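So this first bit is one chain, no partners, the form predicted on its own, shown in structure tokens.
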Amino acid sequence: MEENLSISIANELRKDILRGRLRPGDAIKERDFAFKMGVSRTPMREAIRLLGNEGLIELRPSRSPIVANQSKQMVADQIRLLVVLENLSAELACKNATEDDLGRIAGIAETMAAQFDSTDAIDMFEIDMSFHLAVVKASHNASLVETYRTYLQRLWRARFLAASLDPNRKRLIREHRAIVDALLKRDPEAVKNAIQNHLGNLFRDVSNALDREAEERKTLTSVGENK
């Protein structure tokens, strides 16, 4: 019961971070947030730990944790690794995926196509990430899945910011369907090309989103100082 509450709290905090209600550098004071959400400090502490493991919150000894502010270089390094892992996973999936795996991946793509315009942006983003994770799981390589999930979580916020800049329904659906088609044909070269086409500009998009956020933060700071 306590574990479920911690997960629920972590989900709420994650959404606040993704929506920008909590910004990089903002302190997450355990006592204050527990009071605000009407919970005890124990599940709040566990929720903060979970988000720390995801890289969304920076845990600091003897000080309040803060919303993480990753450097662009760190994000770039993580994205390069994430793309390599996804390419490798998709190639392995061409050999190892079961029909159920492929059906699940195709089903997520169709859900996105059908619900894109009627679903909350964060919920749609989570469906999008579940598509990519399902491709990786279809590799049936447990170590690969664990490593990929770690970097997917660390890049969660940066990728959401990038997706928010260009919520292009037609492009996203077209690119996901190309990945699905290549997997259904079990064609490693085609799936590699499809993923490159889909993720090739990921760092550029993330970089633009981080630059925009930094400018907004600078403007807010300037406005606050001039009041």
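One-based numbering along the sequence shown. Superpose the two forms; the largest set of C-alphas matching within 1.5 Å is the rigid core. The structure presented is a predicted model; accordingly, all values stated were derived computationally and were not measured.
Beyond the structure shown, there is the form predicted together with the DNA, which is absent from this document and is the topic of what follows.
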> Does any heavy atom of R45 come within 4.5 Å of a heavy atom of the DNA in the predicted complex?
Replying inline: yes
>> Against the DNA in the predicted complex, would Q70 count as a contact residue? Criterion: heavy atoms within 4.5 Å.
In response: no
> Does E30 reach the DNA in the predicted complex if we count a contact as any heavy atom within 4.5 Å?
Replying inline: yes
> For K36, is any heavy atom within 4.5 Å of the DNA in the predicted complex, or not?
Replying inline: no
> Which of these residues, N53, S40, Q196, N168, gets a heavy atom within 4.5 Å of the DNA in the predicted complex?
Replying inline: S40
> Looking at the DNA in the predicted complex, do all three of L5, R49 and R63 come within 4.5 Å of it through at least one heavy atom?
Replying inline: yes
>> Just to confirm the contact call: exactly one of 159-167, 198-206, 55-63, 182-190 touches the DNA in the predicted complex at a 4.5 Å heavy atom cutoff, so which is it?
In response: 55-63
> Core-aligned, does M44 move its Cα 2 Å or more between this form and the one not shown?
Replying inline: yes
> Does the C-alpha of I9 move 2 Å or more between this form and the one not shown once the rigid core is lined up?
Replying inline: yes
> Between A10 and S143, does the Cα distance in the predicted complex come out closer or farther than in this form, changing by 3 Å or more?
Replying inline: closer
